[in-house]
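First comes one chain, alone, set out as structure tokens in the form predicted alone.
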């Protein structure tokens, strides 16, 4: 059996979908992209730094989202080596990897952070289903990357931690909203303000991981999930994800109307008219 490091990797890579400039950006950010038909695998590829992230990592993720081939239906995110991601590269505190933005111009700093957040926000698009295959540590920005995905499959050695407050920062890579939606405000406050580590079994109990498997079963579990996702009608999958993502913000009346609109669209595509 393949180990966790091959989790979600396409068996036959048909292309990266990247040009020369984008390939250089991905390499700088410690990212690898493999596309095989309807499946794209994004690998955080700095195992010597436990896949710690820099501005280049987040820009690279955003670039992947902008250039993802239209026929990709499932995106799997994984980490090379023993950890998913240790979060922000602590070298950035001393100016490595570009350092932090100059906050003397708040508007410029706001634009920069929004640019980096784009590496996470596209994972919620309705045209793809995104899966995080998590082993080892998923800390800070790594935890938020897993939270940005639709489904999290965790190895039994996975450990989640929202570390930013302990570093004097706040979680700013889109993770606060899904965290509160999943575990509630009280638990989210406890996790963030103590920066404690959540093991895989607790993550499953409180909804942070949909599936937990032994470490050596992560590859197979992700592959089975991808196969099941691809077996569903593509148009129905897109419409259903769109419905589910808006459900929390809609009133019942609004959601009922949204369901009617989506179903009419599906019936039109299936039967004409």
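Numbering follows the first chain given and starts at 1. In this text, all values refer to a predicted model and were calculated from it rather than measured experimentally.
As for the form predicted together with ligand ACO, it is not shown, yet the points below apply to it.
A heavy atom within 4.5 Å of ligand ACO in the predicted complex is found for one listed residue only; from 108, 167, 189, 114, this is 167. This chain lacks the partner; the member of 74, 123, 139, 200 within 4.5 angstroms of ligand ACO in the predicted complex by a non-hydrogen atom is 139. Remark: residue 152 does not count among the residues lining ligand ACO in the predicted complex, judged by a heavy atom distance of 4.5 Å or less. Within 4.5 Å of some heavy atom of ligand ACO in the predicted complex lies at least one heavy atom of residue 90. When contacts are judged by a 4.5 Å heavy atom cut-off, residue 64 does not count as touching ligand ACO in the predicted complex. Ligand ACO in the predicted complex comes within 4.5 Å of no heavy atom belonging to residue 212. Residues with any non-hydrogen atom within 4.5 angstroms of ligand ACO in the predicted complex fall in just one of 42-50, 218-226, 233-241, 66-74: 42-50.
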